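Presented as structure tokens, the chain that follows is alone, the form predicted alone.
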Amino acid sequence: MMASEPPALVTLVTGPEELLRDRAVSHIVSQARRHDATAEVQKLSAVGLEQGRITALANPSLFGELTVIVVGDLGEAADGVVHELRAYVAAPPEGAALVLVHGGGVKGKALVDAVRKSKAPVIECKALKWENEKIAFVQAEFARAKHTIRPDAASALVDAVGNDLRELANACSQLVADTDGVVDRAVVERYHAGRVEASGFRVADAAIEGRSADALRLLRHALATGVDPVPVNAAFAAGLRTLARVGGMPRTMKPDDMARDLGISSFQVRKARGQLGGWSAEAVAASITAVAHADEQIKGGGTDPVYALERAIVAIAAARAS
């Protein structure tokens, strides 16, 4: 049986998403151990790291086993360590695999740029900012486990769990372990009872669909279960923006084509199309203005964030009915 290929001599793992960075490092370590079962792994932080330590660890061992050197917190490296790493990247020694982990941002950017210019492999770990990206992440987690989750169920899971990707991955693992067959929305709501119902997006959907009484009830429930007012108002803004974008596209356009052009999921397109009844462009614009005002009130311009959210719901309902 042939041994697998060793990792690259230098690899850069960069980006703000911690879970994806951790997974990238784990993948490289696993690759090293498939290539050499005796591979030694050294995990270091650039914080307080002394110059020369990395070079010393990279020296060939007596028994010739592969050494994987993982250096985290790259943006915190002192000038001497940066100088050492630049020299290392320019002429990496055989017998070691150096993995440089950078959390994004401007600190350490000059070193990151030098690694990029060296043509070393780069693994990008970008933050998943948009709902469609998180839905795709959930679906990919299930696909990796050879399970299937319906798009509306994936959306409900994102809605229930929130923005933390590690928590979202853990929720996927739980559902994979505890269920058989296709996971639908009812399964997600059973496992995350209350959190799905009380989430900001459920409040926003009710408001946008003209169900203001439901929206106010869901808002009270959400706040009582610890949901912060800021993401609730952000859900209003996101829902209205999607409504405006979908409403501005040709009605004859297929949902999949529209989703591709707008950079959102087909599920979001279908949901927005179902919500468009009763809305005019002017009403959407008025609602977006009301939500922007609520945002200013919630973030310090007012004294009562709950009242600001309630006013936003009333304003959205009034705009839709006009």
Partner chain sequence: MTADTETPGVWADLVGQERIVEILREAAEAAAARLSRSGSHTGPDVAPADAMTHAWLLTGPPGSGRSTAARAFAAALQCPSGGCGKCSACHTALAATHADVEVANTRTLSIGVADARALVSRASRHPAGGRWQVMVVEDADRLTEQAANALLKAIEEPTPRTVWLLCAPAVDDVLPTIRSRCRHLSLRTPPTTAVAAVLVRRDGVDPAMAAFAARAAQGHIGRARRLATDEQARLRRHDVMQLPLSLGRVSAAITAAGDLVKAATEDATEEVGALAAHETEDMKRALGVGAGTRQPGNASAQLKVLEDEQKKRATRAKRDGIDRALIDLAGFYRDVLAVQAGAAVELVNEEMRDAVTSVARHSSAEGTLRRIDAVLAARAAIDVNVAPLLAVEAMTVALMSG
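Residue numbers count along the first chain shown, from 1. So that the term is clear: the rigid core is the largest set of C-alpha atoms that superpose within 1.5 Å between two forms. Because the structure is a prediction, the values reported are computed rather than measured.
There is another form of the same protein, the form predicted in complex with its partner chain; it is not shown, and what comes next is about it.
Here the chain stands by itself, but in the predicted bound form one stretch of 212 to 220, 97 to 105, 121 to 129, 240 to 248, 240 to 248, has heavy atoms within 4.5 Å of its partner chain. D79 belongs to the set of residues with a heavy atom inside 4.5 Å of its partner chain in the predicted bound form. None of the heavy atoms of A37 is located within 4.5 Å of its partner chain in the predicted bound form. The shortest heavy atom separation between L276 and its partner chain in the predicted bound form exceeds 4.5 Å. Contact between A56 and its partner chain in the predicted bound form is not found at the 4.5 Å heavy atom cutoff.
This chain is drawn without its partner chain; in the predicted bound form, the residue among I288, L66, V29, A46 with a heavy atom within 4.5 Å of it is I288. Applying a 4.5 Å heavy atom cutoff to its partner chain in the predicted bound form picks out V284, A285, I288, T289, V291, A292, D295, E296, K299 from 284 to 322, in order along the sequence. A movement of the C-alpha atom of V89 falling short of 2 angstroms is seen between the shown form and the other one when the two forms are aligned on their rigid core. Once you line up the core between the shown form and the other one, the Cα of K109 stays within less than 2 Å of where it was. In a rigid-core overlay of the protein, R245 has its C-alpha displaced by at least 2 Å between the shown form and the other one.
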